[in-house]
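Below you will find one chain, with nothing else, as structure tokens; this is the form predicted on its own, and questions on how it binds or moves follow later.
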């Protein structure tokens, strides 16, 4: 049985870290390198760094900056933003990324997922889905940092991404992002019931109990969080301890207190 991972998410825009609510109202919260150095000491299992401006600006990843950041990151490092071809994946892996996150480009070119998995291994291809509720209560996938609605339903799209070769699904609720009231459990459950690859829950975590809900009630394999670590005193280590106390197998647990 795979142990549950806890993964802080860093949103990178114009050389700084930002955080918003529902993919909007971005506020600057610091710079990337100090955050990475802090998380190196915080018992995290992985770090995800997403360049949220790259796709809208029509540019590929900033390999030079990523190489500098990766040199200081001592946990598995996953990079997303601006990836539109396999050469970008190759360059990111050379720069020090362990995995890559692909979102918007997959809608326009689904074969990018397949090509990436075939060339570099499914284990390093994380397919990201950003989803919103529609007025009728159903969900739709959104691309370009939540700004463009697609015709894809999240669960169906997740299944397609798995069939194309994705090694993991990162599912983010745009509606719950940054609110810290908890994950969208029905959304996560719909994804986890449809695919056999690991599902990373994202968007809405505000308390350790939300990690437990995502895993035990919705079937997530890993939990990602940002706001609760930036804006509260809660820590990844305490989050792991809480999950362990609830019977969840976690990695690298350090007993506190």
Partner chain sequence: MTALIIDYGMGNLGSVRRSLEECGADVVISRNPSDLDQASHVVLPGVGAFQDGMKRLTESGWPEAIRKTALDEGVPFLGICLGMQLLATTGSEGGTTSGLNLIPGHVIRFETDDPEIRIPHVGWNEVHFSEQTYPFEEIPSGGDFYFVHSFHFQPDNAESIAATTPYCGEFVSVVRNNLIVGTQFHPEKSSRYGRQLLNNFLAL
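Numbering follows the first chain given and starts at 1. Source: prediction; values computed, not measured.
We do not show the form predicted in complex with the partner chain, though everything after this point is about it.
Check your understanding: Should residue 156 be counted as a contact of the partner chain in the predicted bound form, where contact means heavy atoms within 4.5 Å?
Key -> Contact check for residue 156: no, nothing within 4.5 Å of the partner chain in the predicted bound form.
Practice item. Answer yes if any heavy atom of residue 71 is within 4.5 Å of a heavy atom of the partner chain in the predicted bound form; otherwise answer no. Key: Looking in the predicted bound form, residue contacts with the partner chain include residue 71, since a heavy atom lies within 4.5 Å.
Check your understanding: With the cut-off set at 4.5 Å between non-hydrogen atoms, does residue 197 touch the partner chain in the predicted bound form?
Key -> Yes.
Check your understanding: Is residue 43 close enough to touch the partner chain in the predicted bound form, meaning at least one heavy atom pair within 4.5 Å?
Key -> Result yes; residue 43 sits at the interface with the partner chain in the predicted bound form.
**Study point:** in the predicted bound form, the residue from 65, 227, 55, 221 that sits within 4.5 Å of the partner chain by heavy atoms
**Key:** It is 221.
Review point. Considering the partner chain in the predicted bound form, which of 185, 105, 180, 75 comes within 4.5 Å of it through any heavy atom?
Key: The residue from 185, 105, 180, 75 that makes the contact is 75.
**Study point:** All of 94, 97 and 118 within 4.5 Å of the partner chain in the predicted bound form, heavy atom check
**Key:** Yes: 94, 97 and 118 each sit within 4.5 Å of the partner chain in the predicted bound form.
Practice item. Choose from 57-65, 44-52, 27-35, 203-211 the stretch whose residues reach within 4.5 Å of the partner chain in the predicted bound form, heavy atoms counted. Key: Selected stretch: 44-52.
Point to revise | Contacts with the partner chain in the predicted bound form - residues in 125-161 whose heavy atoms fall within 4.5 Å | key: Not one residue comes within 4.5 Å of the partner.
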